[in-house]
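Given as C-alpha cells, the chain that follows is alone and in the form predicted alone.
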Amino acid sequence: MRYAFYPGCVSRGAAPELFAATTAVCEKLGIELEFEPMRSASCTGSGVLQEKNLRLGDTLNARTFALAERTGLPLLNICSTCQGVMSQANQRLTSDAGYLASINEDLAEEGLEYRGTVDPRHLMWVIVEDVGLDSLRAQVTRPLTGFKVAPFYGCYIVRPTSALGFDERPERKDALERVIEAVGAEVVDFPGKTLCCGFPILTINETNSVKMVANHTLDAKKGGAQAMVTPCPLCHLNLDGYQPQAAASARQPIDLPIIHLPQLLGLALGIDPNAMRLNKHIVSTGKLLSDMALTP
C-alpha cells in the first residue's frame, strides 16, 4: 500500500513526535509513504484562513491535491483538522466545475492542475478501511490489555458529515474506538470526545480554552481513563500543552497523558516508546509506560 503523504504543519514543527511515530507505525503495517513530492505542499489553512479568505484556502488545498495527483497515489494525512478542511475544500472544488476551472487558472502559473480525482484520507480511516482491523490485530505484539483509553476525535473529523463521507462510510463515525479496541485497550467513553478541544480560541480567549481542556481531561479521568488518544495534533497541543494551566484553573491535579494515535498503535506493535518520543510530552507518560509494562 503506497500513499502520497501529507504530514501537515504541526508534525513537522510543534509535535515532531507524531511524525516519528507515524513513519515507524506505517513501516510496521506495510504502508509505504511517498513524502518527497509533497514537501512543497502548504498548510491547509486550518479553517482559520478560510474564515477570512475561502478562495485562498481552497486554492492552497487544490494545489496540494494537484501535487498528490502527480504521484498517482491516494493522499494520506495524519491530522483531524487537515482532514476536515481538505474534505470541505474538495467538496466545493469537485461540485462546481466553474469554480475549479477558475482556481486552476491560478495553479497554472506553477504548471499545476487539479483534475478532481483526489480523496484525502486520515491515517485512522486508512487503518480501518485499507489495512483492516483484523490485519491490525494480527500484527499486535504487545496487546494493550487492561489499558483504559479515552478517545478524542477533534471536531473537524466528525463534521460536517456530508463532506467527510459518513453516509458512504458509516464506520468512520466510531473509527477511533474501533482502533483502540483492535489493539486490546478498553474504550472509556465521555461526553466531550467529539467536541472542540479549545485550540481554535486559544489566542483570543485563553481562559475558556483552558477550561475546555480541564473539562475534557477531568471527565475522561473520572471515567477511569489512564490516557487520552487523539488523531489530531492540534488537539494534542492544547490538551497536553495546556493541561498544567487547566489543572491550576480547576484547582485539582489532572495528570492525564495525551497520546497521538500513531503512538498508541506503536506501543501495541512493539515499537520503542523513545523512538516515538513519548518522553517528550508535557504531561509525563512515565507512569503510564511503567504500568503498561506490568500488563500481561
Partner chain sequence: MEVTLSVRRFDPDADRPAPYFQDYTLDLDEGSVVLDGLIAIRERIDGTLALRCSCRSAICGSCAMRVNGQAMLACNTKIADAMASGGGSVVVEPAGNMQVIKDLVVDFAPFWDKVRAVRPWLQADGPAPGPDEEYVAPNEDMLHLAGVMACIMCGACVSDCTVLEVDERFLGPAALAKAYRFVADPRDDADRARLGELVEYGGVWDCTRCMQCVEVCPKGVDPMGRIMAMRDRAIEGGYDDSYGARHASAFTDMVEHSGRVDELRLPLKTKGMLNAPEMLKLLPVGLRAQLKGKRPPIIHRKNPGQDNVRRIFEKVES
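Numbering follows the first chain given and starts at 1. The structure displayed is predicted, hence computed values, not measured ones.
Only in words, not in the display: the form predicted together with its partner chain, which the text now covers.
Gly198 belongs to the set of residues with a heavy atom inside 4.5 Å of its partner chain in the model of the complex.
Within 4.5 Å of some heavy atom of its partner chain in the model of the complex lies at least one heavy atom of Gly47. Interface membership of Ala20, defined by any non-hydrogen atom within 4.5 Å of its partner chain in the model of the complex, is ruled out.
Using a 4.5 angstroms limit between non-hydrogen atoms, Tyr242 touches its partner chain in the model of the complex.
Put simply, of Ser135, Thr71, Thr117, Thr161 only one has a heavy atom within 4.5 Å of its partner chain in the model of the complex, and it is Thr161. Proximity to its partner chain in the model of the complex, defined as a heavy atom within 4.5 Å, singles out one entry of Asp96, Glu181, Asp106, Asp174, which is Asp106. With its partner chain omitted here, the record of contacts in the model of the complex names 211 to 219 of 181 to 189, 125 to 133, 211 to 219, 142 to 150, defined by a heavy atom within 4.5 Å. In sequence order, Arg39, Ser40, Ala41, Ser42, Cys43, Gly45, Ser46, Gly47, Val48, Leu49, Glu51, Lys52, Asn53, Arg55, Leu56, Thr59, Leu60, Arg63 are the residues of 36 to 71 having a heavy atom within 4.5 Å of its partner chain in the model of the complex; the partner itself is omitted from this view.
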